[in-house]
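The chain below stands alone and is given in structure tokens; this is the form predicted alone.
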């Protein structure tokens, strides 16, 4: 008989209880014990959800206060010395690595594969001696045992941990030593009564070299030698290639998990390579999107597995952890019944697991009865006029190659822009948002509740914009922004004004730490009924003689940070969004905007994990950005911003964006990101972030100046801008004001300093 399992669960709480508790703890208003009690209650609720849905196996150890990669590094003692090293313990040391402190930088942060979740990058240092510290996992296991729930510990594997860490050019040299710690971990789990363990190695789907695969083979042969409990090797987000499957097929694992949503074509090769007697955990329910599963399509895969290896060797599972989806679609009473019926959040996906398990064992007649509701729902969604707009599809169909190009080369544009803008060397600016204060959030709630009128809310927002403009002028910034007080989220704000989007009330997911986002639900064809930002820009520009940036979110980022329809190619959906944003660019320019920023924070995160799939994505993603800016006149300066990313492998594609100015997050990496420009003659201008906005720590003027000086060793001064890493919405005003003052002071110093000669 097939069993069901889930690889991981959301941890922020259905009402964002963890976010509230974390921020209260950081503010000093609740104790560590109170924070721990909130965490225990959230873990207990997760176990109850799994057991209540009838799912056979629940995960433990997947809960983290901030990030599971950090927890895993702490599990094996790979902690940076500035954060306490191997002796570090307790929440203060833990949060020091997450958030930093005066004089102590936190860990670098980047995207978890191609998701919108950020992980903290462990640091490998000379002299580190891995050692086991399994208290968290053992404690969570005991909680499940006390609740009577069958649970398996879930832990990130040693290969993924090392290859995603930084600080060592040869991290695999540490693998053998690290495996011994993992062997001790398996023994500790077995001693604690765990019947099995889940070891996540998503790095295996990225296409590894032969040398890495040989190291993986040796390491896991040792890890699994004499294993004291069953081991599930979990992969997700893409397919396993032939070479990787050959290695896995030689290992004595008890179960292999594969993602059959993102990579359904791997099923045949996986079945052929599956180790003898091992179970196959089939990820047939999408753990990263919110649409109800096409159960017939899922059963086609499951039936094939049963025919090949039998139901007793089948585990039915989501494609990956449910960390990436909200808790419950049933709570979304603000959505109409039809749209809500198309959705499956975490709780609904658990129910789908048990329904599939029943259907596997059912006769054809019984299966028809079980699936009647799901089949009706799928048919209605496919044929609904809400998902099709003839005008939008016609506009896309009429596009020509010339519609993607600005007519003037970038060198000539930059000269015209310099003449128009008259900016000093190293122009100072910010990325867009300013602190979203309690007053702003309260006014937004009151407006949505109807207790603050439209007129009253508009007047409040005008006051906030005027305040932000005054602050920037007092600080001496060169290019200003309006601060975005009217925007709850850089994607949600635009989605609310575009056709084809819907919005949940409780659809929060974790981005990092206490930062949560509520992605729009993109269910239909996209168009822009009316201007979205022009009036706010016009008001802000009327308050100052300095250039005021028009601020837009780019089409790829809107696509990536939404729950996107899965019934047509993503490229087509992105092109529709691009045309809607293009309309806004045209209207901003007509209104007089000299600088328009089109943020593509998520451009890099959409890159497929396997190299052979990347060129096709990059081609259409870059095309969509170019489509938004194509109508802009040469004297209009187009900026874009991209978040934590590794750009070396796609720098030529980034140049093809044809943006006049790009801003990047570079402070946590100490400008490492700019190394790529030593060997690449980038034609535009660049704003490398000179202070980290994800930490409350305020950089000194000297620190900012040193980063600017370092940037000048990579790029010419006339190419450089001075700006923060990202938007400032999550920061408070005192730290924001002080940090920007230091930025302006440091920039003034650099303007007086001797120009560095790029190496």
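Residue numbers count along the first chain shown, from 1. All figures in this text were calculated on a predicted structure; none of them were measured in a lab. In this text, the rigid core denotes the largest set of C-alpha atoms whose superposition between the two forms falls within 1.5 Å.
Beyond what is shown, the protein has a form predicted together with ligand GLN; the following relates to that form.
Participant: Going by a heavy atom distance of 4.5 Å, is residue 551 a contact of ligand GLN in the model of the complex?
Facilitator: The answer is yes: residue 551 has a heavy atom within 4.5 Å of ligand GLN.
Participant: Quick check on residue 70: any heavy atom within 4.5 Å of ligand GLN in the model of the complex?
Facilitator: Judged by the heavy-atom cut-off of 4.5 Å, residue 70 is well away from ligand GLN in the model of the complex.
Participant: Taking 4.5 angstroms as the cut-off for heavy atoms, does residue 643 touch ligand GLN in the model of the complex?
Facilitator: Yes - in the model of the complex, heavy atoms of residue 643 and ligand GLN come within 4.5 Å of each other.
Participant: Verify the contact flag for residue 287: yes if a non-hydrogen atom of it lies within 4.5 Å of a non-hydrogen atom of ligand GLN in the model of the complex, no if not.
Facilitator: Residue 287: no contact with ligand GLN in the model of the complex.
Participant: Among 216-224, 593-601, 345-353, 498-506, mark the stretch whose residues have heavy atoms within 4.5 Å of ligand GLN in the model of the complex.
Facilitator: Looking at the partner contacts, the answer comes out as 593-601.
Participant: Can you work out which of 720, 707, 47, 726 has a heavy atom no more than 4.5 Å from ligand GLN in the model of the complex?
Facilitator: Here the answer is residue option 726.
Participant: Which listed residue (232, 514, 573, 433) meets the criterion of a heavy atom within 4.5 Å of ligand GLN in the model of the complex?
Facilitator: If I apply the 4.5 Å criterion carefully, the residue I get is 433.
Participant: What are the residues of 481-506, in order along the chain, with a heavy atom within 4.5 Å of ligand GLN in the model of the complex?
Facilitator: In sequence order, 484, 490 come within 4.5 Å of the partner.
Participant: After the core is matched up, is the C-alpha of residue 724 off by 2 Å or more between this form and the one not shown?
Facilitator: The answer is yes; the displacement is at least 2 Å.
Participant: Kindly check if the Cα atom of residue 140 is displaced 2 angstroms or more between this form and the one not shown relative to the superposed rigid core.
Facilitator: Where the cores coincide, residue 140 shows only a C-alpha shift between this form and the one not shown that is less than 2 Å.
Participant: Does residue 483 count as moved between this form and the one not shown, where moved means a C-alpha shift of 2 angstroms or more after fitting the rigid core?
Facilitator: For residue 483, whose C-alpha is compared between this form and the one not shown after core superposition, the shift is 2 Å or more.
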